[in-house]
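Just the one chain here, laid out as structure tokens, in the form predicted alone.
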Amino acid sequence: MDLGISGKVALVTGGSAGIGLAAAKSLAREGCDVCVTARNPERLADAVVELQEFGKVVHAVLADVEDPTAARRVVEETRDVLGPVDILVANAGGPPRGRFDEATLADWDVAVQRNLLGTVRLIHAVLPEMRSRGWGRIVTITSRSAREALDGLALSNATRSAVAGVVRTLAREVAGDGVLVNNVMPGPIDTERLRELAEDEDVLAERGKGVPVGRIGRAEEVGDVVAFLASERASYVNGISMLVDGGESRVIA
């Protein structure tokens, strides 16, 4: 199926590994020119090498979305090198795990800056040009914790659900301008983040047994959902928060 986005410019934050890199690959495979950002220069360089295999123009920007100046700088550099951003994939690493009473106010500040305000700043930076051109796709990547509060993830539960609220609100405001906004909520996906939370392979294996499909998900399975939501084929999909969790969530709606 042709997703109709060949030649579009995609910006993927947190794009050097895991779900972010998988999303960038899926978009490059569909013919997008891609800019990826990340905090680690070595991983970012490796990601560029992998993405160049798809034969599209690839650019990388070393940046941390926690920095209030990063969003505008990244979007401007993407425009200068590739052109205006058509597709934004806002992806940031999850906050540290822990109960509410274990998180300091400093922890809260970092989580809000990175996981909520970082996304808001990126949207602010790309939205005017998307609206003026009459076409745009914004896809945020959060977590199942945006839909269902998970034990021991106080920071994630709060900031991820806040992003979902931004998506639902914004989607109604800008759809008439041709800009569609959606959120993806991965469940257990085989990434470094999940392995850090699981702590060892046995715990990871048991985690997979608890998923109805019987396994942990793959990053590329989330990346392909992101590419679909960013496409012309998803032209009537707007304002949703889509679980990609193998059916693990029990929440209805």
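Since this is a predicted model, take the numbers as computed values, not measurements. Numbers for residues come from their place in the sequence shown, where the first is 1.
Unshown form predicted in complex with nicotinamide-adenine-dinucleotide (NAD); subsequent notes refer to it.
Residues with any non-hydrogen atom within 4.5 angstroms of nicotinamide-adenine-dinucleotide (NAD) in the predicted complex fall in just one of 88-96, 124-132, 161-169, 175-183: 88-96. Contact check for Gly239: no non-hydrogen atom falls within 4.5 Å of nicotinamide-adenine-dinucleotide (NAD) in the predicted complex. Interface residue remark: Ile189 is counted as part of the site for nicotinamide-adenine-dinucleotide (NAD) in the predicted complex, having a heavy atom within 4.5 Å. nicotinamide-adenine-dinucleotide (NAD) is not drawn, but in the predicted complex it has a heavy atom within 4.5 Å of Leu194. nicotinamide-adenine-dinucleotide (NAD) is not shown here, and in the predicted complex it never comes within 4.5 Å of any heavy atom of Ala23. Annotation: in the predicted complex, residues Gly14, Ala17 and Ala38 each come within 4.5 Å of nicotinamide-adenine-dinucleotide (NAD) through at least one heavy atom.
A heavy atom within 4.5 Å of nicotinamide-adenine-dinucleotide (NAD) in the predicted complex is found for exactly one of Ala111, Ala71, Ile138, Ile141: Ile141. In the predicted complex, the residues of 30-69 lying within 4.5 Å of nicotinamide-adenine-dinucleotide (NAD) by at least one heavy atom are, in order, Ala38, Arg39, Ala63, Asp64, Val65, Glu66.
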